[in-house]
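First, one chain by itself: the form predicted on its own, in structure tokens.
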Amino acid sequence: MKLQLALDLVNIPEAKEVVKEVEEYIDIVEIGTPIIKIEGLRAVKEIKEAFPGLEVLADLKTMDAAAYEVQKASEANADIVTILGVAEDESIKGAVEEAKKQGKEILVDLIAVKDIETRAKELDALGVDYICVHTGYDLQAVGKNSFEDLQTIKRVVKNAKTAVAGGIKLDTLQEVVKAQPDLVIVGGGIANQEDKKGTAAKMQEMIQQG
């Protein structure tokens, strides 16, 4: 089980500060969609250069022109690139092919997918590396979480690794760890805490014990 830190609402210098604080306790840094929209893929490149020992995920949430976007993200040294589960199968195939060519991985984000079980099976058959259940900010605000959806995809996914994102904090991590995803994605649960390092250390410890 790996721990991924999702950074969304910061600029490049702020992102570096946060990562520096917690780098020994995380496995992957996610450069979130808002940062990429504002700063461009340069954010991915700079974080990878600053922290070569960590994997970097470019959260492009690609919908179309997938092979091209994956190619550009890999030129920026992303290790993992995201595409949306609601994208066309052709786009998913294009992303997977390009990622294989570049030696990178594809994470499919199931945000806004209505029939999670069926789509997870289809995505698994398309050869993606990770399938992620994700409760976005706007649904978290009304009290939703992804834990039940995680159980669903764990049941049906045979080849891909499973991931979970959305509102995970220290006090809800135990429940997530019990379901044994391959990747736990935490944003504000680390980045918004007073003691970021201590929180990340505790989370990593719980993940290792799980």
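As the structure is a computational prediction, the values presented were derived from the model and not from experiment. All residue numbers refer to positions in the sequence shown, first residue = 1.
This next part talks about the form predicted in complex with a further copy of the same chain, which is not shown.
When a further copy of the same chain is considered in the predicted bound form, V156 lies well away from it, no heavy atom lying within 4.5 Å.
Contact annotation for I111: at least one heavy atom lies within 4.5 Å of a further copy of the same chain in the predicted bound form. Residue contact with a further copy of the same chain in the predicted bound form: K72 places a heavy atom within 4.5 Å of it. Contact annotation: E175 falls outside 4.5 Å of a further copy of the same chain in the predicted bound form, judged by heavy atom distances.
With the partner omitted from this view, the residue of I28, I36, A179, A160 that lies near a further copy of the same chain in the predicted bound form is I36 [heavy atom within 4.5 Å]. The stretch in contact with a further copy of the same chain in the predicted bound form, judged by heavy atoms within 4.5 Å, is 61 to 69, chosen from 167 to 175, 45 to 53, 61 to 69, 180 to 188. Taken together, the three residues L41, V86 and S91 all come within 4.5 Å of a further copy of the same chain in the predicted bound form, as judged by their closest heavy atom. Shown without its partner, the chain has L9 as the single residue in segment 1 to 23 with a non-hydrogen atom within 4.5 angstroms of a further copy of the same chain in the predicted bound form.
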